[in-house]
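Quick heads-up: it's one chain on its own, the form predicted alone, in structure tokens.
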């Protein structure tokens, strides 16, 4: 947001609170960072500030996939980074799910609509199926659980038509993303830490305040020695450092009314650009097709467009017979943060070590952010970051 001179000067100086750390962003990344920071150093006073309501950004607008790896098929991950680093990236996301289950989800699976059923990548062409099988072969050799499916198995297990084959990532999961976020918040509140939460506090400036930083929001000011930015796609609006590293990218989704269960697990199609899942309660959620309007699906507008919404409906008609007649109940969009190389970015500003950050999850925030929050917390306590996630790779 932009703030005028008059608006800035209108804030009362006495409306300033003091904390040890201020986390900017109340989505999955910010709440995860606050969770691990509070668990590591319960004596620290931490504030989590969010411009609207917690989860109003990408966290409350995604499809709820907790997937391993990254935006690319594993064979392409190997091509880009080599086998050793590709496996490290994959294991990092596997650990993300393990940490979520151990720290947050255990015992709350039903309430969070959590299912650990794996996910599927489906091929519409023989060429794509060959690449998926190549990817599966690489994964199997590195002892990553994967299964190859032929067309008949896809029809029987997923209720999906017009796909020639696919593979199953056995260890993937899905969840209600907003319920998961509030479960993390509840765990923080029940823990020994001193964490305060502030909704409707949009940050418009981070200024120097003696030896500290002054985080200015529309709801008040916060003085602290350390700031953690968990603003993902919105990071370039605060610091120009992120303009060539994290790019705001819009995703669009629709949901149907509930129908009887027919899908074994969530699915990706079209080289991971399109995705759909059936909730435990029966609704189908489907998103993607941003490749149809690449120039439009960049920026900060969260509007939906006819071109992409019609493409989502056409996908249902062509591929998912069980919901062809189902009523569409919701349509929405959200702004994600895509990184320059497809991997998350964690670190501190090279020009200001008092401003740390995590973001650039490239449409895989649920599969990466909880673990990213952990390594960020550890880095603030002096531990080294994994090289593939460290912002120093861009220097």
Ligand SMILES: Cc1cc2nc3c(=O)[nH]c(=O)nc-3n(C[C@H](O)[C@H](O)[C@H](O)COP(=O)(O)OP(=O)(O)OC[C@H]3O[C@@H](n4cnc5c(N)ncnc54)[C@H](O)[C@@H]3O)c2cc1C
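Positions refer to the first chain, counted from 1. On a predicted model such as this, the values are computed, not experimentally measured, just so you know.
Just so you know, the form predicted in complex with the ligand exists too; it's not on screen, but the next bit is about it.
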Out of 357-365, 322-330, 37-45, 340-348, where are the residues with a heavy atom within 4.5 Å of the ligand in the model of the complex? 357-365
Joint contact, 74, 166 and 310 to the ligand in the model of the complex, by non-hydrogen atom at 4.5 Å: no
Is there any non-hydrogen atom of residue 129 lying within 4.5 Å of the ligand in the model of the complex? no
Might residue 276 be said to contact the ligand in the model of the complex, defining contact as any heavy atom within 4.5 Å? no
Can you check whether residue 25 is within 4.5 Å of the ligand in the model of the complex, heavy atom basis? yes
Hey, in the model of the complex, does residue 93 get a heavy atom within 4.5 angstroms of the ligand? no
Given a 4.5 Å distance limit between heavy atoms, list every residue of 23-62 close to the ligand in the model of the complex, or none if there are none. 24, 25, 26, 27, 28, 29, 30, 49, 50, 51, 52, 56, 57, 58, 59, 61, 62
